[in-house]
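Take a look at this one chain, the form predicted alone, written out in structure tokens.
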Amino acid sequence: MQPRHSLQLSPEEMRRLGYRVIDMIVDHIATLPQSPVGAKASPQALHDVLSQPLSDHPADPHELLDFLQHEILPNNLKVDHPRFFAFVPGPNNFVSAMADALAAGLNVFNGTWLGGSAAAAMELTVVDWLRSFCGLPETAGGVLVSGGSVANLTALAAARHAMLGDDTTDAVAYLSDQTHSSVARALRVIGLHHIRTIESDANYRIQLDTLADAVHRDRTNNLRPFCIIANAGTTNTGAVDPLPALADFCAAENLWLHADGAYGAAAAICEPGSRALTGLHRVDSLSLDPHKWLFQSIECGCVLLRDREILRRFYRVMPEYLRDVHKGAEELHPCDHGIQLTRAFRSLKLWLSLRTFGLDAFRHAVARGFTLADFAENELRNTPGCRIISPANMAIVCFDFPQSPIRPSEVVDKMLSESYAFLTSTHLKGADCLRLCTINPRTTEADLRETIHRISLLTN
């Protein structure tokens, strides 16, 4: 046995520990339909469990796994659970998880071609698959990032450089009242002080006439409109802004068009998603999250630019300590296209799972999210007292029970307490309502029917 102070385990100890971890993952996935959807512990309870002083001496890792199994892991929500309908679920797949384990275990560096040439080449391949899914031209490209927040930030910083020369004085960006909060955060980070929020229409899409008026008014007042952020599937309702019309407007007004597709853009691989996302191929930049609707383990996001060279012109920095990296002109370095130098081997999980299951399996899995939302809407329409606030759209449906004495937020709390299923509430056009997001292909019609039945009982 290796002495623990060496930070090593023996091969036998590593195998024993590794096999147990694999068993935990397999048991988690295999028992999901019969298990609770998760739990939320109080801050004090978790503080009491975790606040023991750190020992100078080693502990048995199997005893630590016992502790995790009993005290820590049960006190999380299972975002991959078939009855987790809150926010945007994370229904990953086992192959993706194993690829993450392999990438972490081998500790692959994916920042430069010198440090990880095969990893960099695989990322180029996977990013090009995503580009193709979204219909962007061959000039487009990008990098994998942690998720939509960093993807939006990466794209908008590059847009600022391309359109404004990094001078944000009097510059204006435009977004709808349904745009994800990560966009506003990204605009703050890049130093933009003028952000116009445009009211959405009855279908929760940005109103083009109102947008045009705002742009023209700002120009009259000597401000500099530079960017419009479109939604390619909002978190609230799945709404997709009128992308063809926005692309026409941006072309006529010399504006950058960024689409936040963190939730919805991946749906372009299937027919209903492609139809809903008409015009996506015309955007200047795009964010999307494979850890949502492409069923990858967290974290896996992507940023794509119509002209990938804009990323390199903005992000490439060549300090003296990287002089050995930039010798080969034909070698592409992921660090030159985004914020990070040290980067994980994220492309491995997407490559391995897409190749393992095939694209058709992913197409069917994404399309099933649309089918499940249609089913849920029909069930809700046949539920006494229920009112549809936003019909099924990109696998999201919103509803309420206007005569119920119980508020939607109270329904959420009671559902979490029961732990059979979980959903969340939101606020739309003056109404508090409940929301179901049905992108998990493990979800059954029976899961939805029973969930809606339990909601109905709680609201009576």
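Predicted, not measured: the structure shown is a model, and the values here were computed from it. Position 1 is the first residue in the sequence shown; the rest follow in order.
There is also a form predicted in complex with a small molecule; it is not shown, and the following applies to it.
For the options Gly135, Gly147, Pro272, Gly115, the residue carrying a heavy atom within 4.5 angstroms of the small molecule in the predicted bound form is Gly147. The listed set Ile228, Ala262, Val303, Val283 contains one residue whose heavy atoms approach the small molecule in the predicted bound form to within 4.5 Å, identified as Ala262. Mapping the unseen interface onto this chain, His333 falls outside it, with no heavy atom inside 4.5 Å of the small molecule in the predicted bound form. Mapping the unseen interface onto this chain, Val88 counts among the residues with a heavy atom inside 4.5 Å of the small molecule in the predicted bound form. The small molecule in the predicted bound form comes within 4.5 Å of a heavy atom belonging to Asn152. For the chain shown alone, Lys292 is a contact residue for the small molecule in the predicted bound form, at least one non-hydrogen atom being within 4.5 angstroms. Stretch 228-236 is the answer when you ask which of 121-129, 337-345, 361-369, 228-236 has residues with heavy atoms within 4.5 Å of the small molecule in the predicted bound form.
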